[in-house]
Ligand SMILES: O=C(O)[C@H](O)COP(=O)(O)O
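In structure tokens, one chain follows: the form predicted alone.
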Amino acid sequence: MAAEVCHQAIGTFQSNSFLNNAKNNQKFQKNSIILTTKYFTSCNGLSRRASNYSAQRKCRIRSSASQTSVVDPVLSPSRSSTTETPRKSNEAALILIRHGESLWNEKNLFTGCVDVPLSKKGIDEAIEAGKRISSIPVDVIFTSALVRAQMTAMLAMTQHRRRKVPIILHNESEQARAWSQIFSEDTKKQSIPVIASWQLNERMYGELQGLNKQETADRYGKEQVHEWRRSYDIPPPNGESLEMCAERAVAYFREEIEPQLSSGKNVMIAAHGNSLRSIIMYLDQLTSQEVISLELSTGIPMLYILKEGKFIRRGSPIGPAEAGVYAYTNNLALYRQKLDDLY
């Protein structure tokens, strides 16, 4: 079953080890901005400059104004059912999914920013995650630049009842944008844009990447390895601390993702344990001590509702909790009812 669904998804799945952030294929105006990571946006006290990113790396980031053409205005609860023009809503859904188990998770190796695909178990976890969010609207998807997060997003969407196709947007060159352009308006309405960003990548583990976790503990001592993994501001050798990971991930969320939610779009983020912990720290206003104890399981979606300018955690839409998820907001209940009527 997992292999079959994976093959169905592979037609839309195109990975590149470190994809540049993409731009909407319908609009070719030059509305992207250049971000240099020499300076990180200050957020919740996350203002310290990360030394490992002092070199200026230029990334093309798609502006929020270019993300509207492939959104379906009919079935999304944050859109009017009688007009093609998106309107601002005071409510939107945010789904966070940590990628399924990777081949290196399976081998108990430090993975970090090494680009490793999902294991068979990880594929099953991604499919199961998709079932759990199959009745929750998704208008745009953000992933990291790493293949395991992108696979998770693609496989999850194969289970969505709306049956839209996720399309990775590319901005490597003018030719890449031209070749990947969609010319059918009907097809665009049945597609979901996927924006890949290195800022959502896993924390970079430096010299620990590729090492077996148990062997690393034996070599350096359990206390030292625990400090590298669980402290907030102490990085492993030549790697990132959680604080450094949070600076880039939260800045990207505030600048690129939060405006989408504020405009009424429903967003899914498929990323990693540490980049998602950083975002949850921002959403739930956790302290540095609270976030280091936060654990996220692979393949388990977490739902937030942005309502009247505030993020409210709704937990994972599964089992008995599912009723509570839909009962909280009329928009989600109406969306599910439309899906029940149509499918």
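Residue numbers here begin at 1 and follow the sequence given. Since the structure is predicted, the reported quantities are computational estimates derived from the model, not experimental observations.
Although it is not shown, the form predicted together with this ligand is what the next lines describe.
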| property | result |
| --- | --- |
| Partner contact for residue 112 in the predicted complex: this ligand, 4.5 angstroms, heavy atom | yes |
| Close approach of residue 205 to this ligand in the predicted complex, 4.5 Å, heavy atom | yes |
| Interface membership of residue 213, this ligand in the predicted complex, 4.5 Å heavy atom rule | yes |
| Close approach of residue 229 to this ligand in the predicted complex, 4.5 Å, heavy atom | yes |
| This ligand in the predicted complex reached by all of 98, 105 and 274, non-hydrogen atom within 4.5 Å | yes |
| One stretch from 118 to 126, 161 to 169, 205 to 213, 253 to 261 that, in the predicted complex, holds residues within 4.5 Å of this ligand by heavy atom | 205 to 213 |
